[in-house]
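Subsequent text provides structure tokens for two forms of one protein chain, presented individually as structure 1 and structure 2.
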Structure 1
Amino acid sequence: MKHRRLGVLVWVLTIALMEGIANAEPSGREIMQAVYDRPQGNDMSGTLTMTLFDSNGKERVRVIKQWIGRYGRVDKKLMIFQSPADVRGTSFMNWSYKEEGKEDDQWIYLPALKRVKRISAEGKGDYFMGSDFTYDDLGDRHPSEDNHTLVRTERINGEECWVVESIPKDPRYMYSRTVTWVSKEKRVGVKRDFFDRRGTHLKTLNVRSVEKIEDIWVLMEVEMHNVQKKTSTRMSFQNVSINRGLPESIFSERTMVRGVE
């Protein structure tokens, strides 16, 4: 009888332990690393439509052709403005490195100056072409640059999400913290709140549409709302192609000046 009771206890404990293992949540760092490491394809190209809304809701539209390629330790991005007329032909190129702490290389080409100019990576805190996205918001921030804590799990827009708070290790960083809702199913962030250096809520990024293309989850429409300035920027992607074998040579001075033909 004694042995039987002991057997039941061991069984119950084993099941409880197994359930515990099955339900154990990953750490905040593990979640953000999984988001960073998720398959994104070797290259991607498409048309980006950026709509800027001012505080009165008046909109301005920019159309940009975008190419992204991943080549070993370097991620390369090229953007060429198609419209409006006064910025047509302006191009921006960014090379981002996997190494911790290594600054990005960035260049801009302004048709009026007819010259490619290297620009400061410290300008990553600057807003990209008048939008509510900083240059840094548009890149993949390495998880090692922040301390991450899993705060809770929450259902948002029908998706089960981890909610992760990230506090930058560098106190000079433009945000004091960010809170990200990560889809458990897709391993992509679907919402992020940004807090300014004083700890006040500054912006919210909402992912409006995610599509699976070539077995890869792609953010097709995102909107950044600046709650302090009451301005918004919506970015939507069209004609997205993935893994088409983009040659590395297109991420060059020549392409910035002449465009991709």
Structure 2
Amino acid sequence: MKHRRLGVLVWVLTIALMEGIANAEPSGREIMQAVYDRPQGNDMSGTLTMTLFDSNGKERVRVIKQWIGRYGRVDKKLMIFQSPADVRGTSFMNWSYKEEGKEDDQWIYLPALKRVKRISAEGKGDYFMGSDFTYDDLGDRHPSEDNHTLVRTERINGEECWVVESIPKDPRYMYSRTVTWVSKEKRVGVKRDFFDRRGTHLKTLNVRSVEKIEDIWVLMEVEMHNVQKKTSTRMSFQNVSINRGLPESIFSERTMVRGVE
């Protein structure tokens, strides 16, 4: 009888352990890796409307054409400004590498200078075209560059989220840490707080709208608010096309200068 009771007890404990493992939360690194690896299709294109708000609420609107493509282990992005006239023809290109330790390559073309300029590592902390996004924010930071800790779970905008703190391994990085709210359902970051090198809250990115297009979650509207300067930049994505077979050749310095035909 004792052996039978012992067998039942072992079985109950085993089931409880299995359920505990099944319900265990992933680590901070696993969560951020899942966000980084989420499906994004082979290519994507559309129109970005970038609205800049100054500290008095006055706004400026800029329209940008954007192309994104994945080619092997490299994700490429091209942005070309369409309006207003004073920025028309300005273009930005980013190449992100899906391997640890390799930083993004970035370039910008300014029509007034008539040349493509490569953005240095030091220049990635500069703000992009007067917005609240740095050049680095427009890239795709590899999870291996930070130490990630799951600090809690929290419900935000009706979604259950993991809250992950990420601290850069390189102490020279422009942010001392970031805190990201990741949707458990979508594996998409829906909010992120950025802290400057002094550890003070600098800005917050809020994802206002996410839509599923051809089984891919697409960020349709995001807004970056600089709490120190009291400025904001909103980016809205429209006319989205996915997996249309974008040729890799468009992601070049030549296209940055001449545009996409």
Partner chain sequence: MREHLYRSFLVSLFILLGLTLLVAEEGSDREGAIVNGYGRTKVGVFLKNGDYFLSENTLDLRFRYNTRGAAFYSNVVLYERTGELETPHLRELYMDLKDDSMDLRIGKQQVIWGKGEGVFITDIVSPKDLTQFLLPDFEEIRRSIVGVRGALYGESSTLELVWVPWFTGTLLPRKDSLWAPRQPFPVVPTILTEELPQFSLDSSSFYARYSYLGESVDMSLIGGWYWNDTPAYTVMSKTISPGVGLMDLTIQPEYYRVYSIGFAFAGTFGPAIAKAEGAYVGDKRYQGNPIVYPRGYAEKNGIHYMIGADYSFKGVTMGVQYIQEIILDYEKDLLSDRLKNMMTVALSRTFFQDKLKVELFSYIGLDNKDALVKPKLTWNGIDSVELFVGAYLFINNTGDFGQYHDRNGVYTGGKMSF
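Residues are numbered by position in structure 1's sequence, first residue being 1. Everything quoted here is computed from the prediction, not taken from an experiment. For clarity, a rigid core is taken as the largest C-alpha set superposing within 1.5 Å between two forms.
Remark: the form predicted alone is the source of structure 2; structure 1 originates elsewhere.
Taking the core as reference, the C-alpha deviation of residue 104 between structures 1 and 2 is 2.4 Å.
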